[in-house]
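Next comes just one chain, in structure tokens: the form predicted on its own.
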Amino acid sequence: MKCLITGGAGFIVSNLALELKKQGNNVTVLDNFLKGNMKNLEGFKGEVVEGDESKIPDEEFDVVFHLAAITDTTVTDKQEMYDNNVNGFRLILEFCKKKNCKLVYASSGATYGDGPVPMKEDQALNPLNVYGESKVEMDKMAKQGFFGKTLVGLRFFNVFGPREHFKGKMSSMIYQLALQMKKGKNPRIFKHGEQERDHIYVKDVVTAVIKAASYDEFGIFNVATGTKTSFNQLIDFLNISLKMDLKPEYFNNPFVGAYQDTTVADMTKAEKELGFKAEYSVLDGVKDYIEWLNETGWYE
């Protein structure tokens, strides 16, 4: 399979590129290296092209995996967000139509905002930030622009795992708490730690993305575990994995009024139509991740 991956030096994308290459595929990575870091691609033996979506190689590809985006949910400049996420996606969509190739792109659980749980793909969308709004617009464009080949949007929930180090403040809560604990500090979470999220390990996300390339029509799917884990439970899992016994330090949530107390995906559609079900529990994912961090030394 000849693949093009956008945003290839980013977190999820670098894991995808390395796995696709490991499976014997012909892989080209496109990245402007403004958000990612080339270190994420150490060991990658495929082609690397520097640039944004306007620099797509004029070649034939079996599938384009489009994961390049601004993913910082704190960005408030709608024009900047749309110039990158929406307009970049438009170029990708036009390219795939022209070349008649499959397209799998990253949507987001942020499209649901503070909607009811478990979150289902066909429910009303209510994003709480311009990042989520940009992903809603991309989903609309994808549906309207479906051209008869595989066209799949994947709504990633809270992804964690290897190679997220360079995301900085946007790295997962699991990584940030592990970093605090590794330094011997009590992990800091909002009062009283009962907020819940649907965390999914990046290895499972990569599996879902690759499976999506075999879907033969249009579809939007959740990519999550379908289970919710509280902040307090995360600290328990990290204590187990780090062999520590640190207690949480609670502080007031500064985002009252624009904050989701619980996010969890309904995975019925993805399991039935994509055949995807997460293999890693959150605890198993945290254990595997901490082992990787210890081996690589990728603590800040």
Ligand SMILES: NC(=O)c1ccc[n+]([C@@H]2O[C@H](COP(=O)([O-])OP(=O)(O)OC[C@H]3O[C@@H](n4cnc5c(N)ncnc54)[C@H](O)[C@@H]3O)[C@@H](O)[C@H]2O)c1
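Please read these numbers as outputs of a predicted model, since none were measured by experiment. Residue numbers run from 1 along the displayed sequence.
This protein has a second form, the form predicted in complex with the ligand, left out of what is shown; the following refers to that one.
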Response to the item:
Only one of 234-242, 266-274, 47-55, 247-255 sits within 4.5 Å of the ligand in the model of the complex by heavy atom distance, namely 47-55
Response to the item:
From Y131, F221, Y175, Y201: within 4.5 Å of the ligand in the model of the complex by heavy atoms is Y131
Fill in: Check all three, F11, F33 and N158, heavy atom within 4.5 Å of the ligand in the model of the complex
yes
Practice prompt. Find out whether any non-hydrogen atom of A69 is located within 4.5 angstroms of the ligand in the model of the complex, and reply yes or no.
Written response: yes
Item to complete: Evaluate S108 for contact with the ligand in the model of the complex, applying a 4.5 angstroms cut-off between non-hydrogen atoms, and reply yes or no.
Response: yes
Worksheet item: Looking in the model of the complex, any heavy atom of N84 within 4.5 Å of the ligand?
Response: yes
Practice prompt. Consider K99 of the chain shown here, and say whether it contacts the ligand in the model of the complex, taking contact as heavy atoms within 4.5 Å.
Written response: no
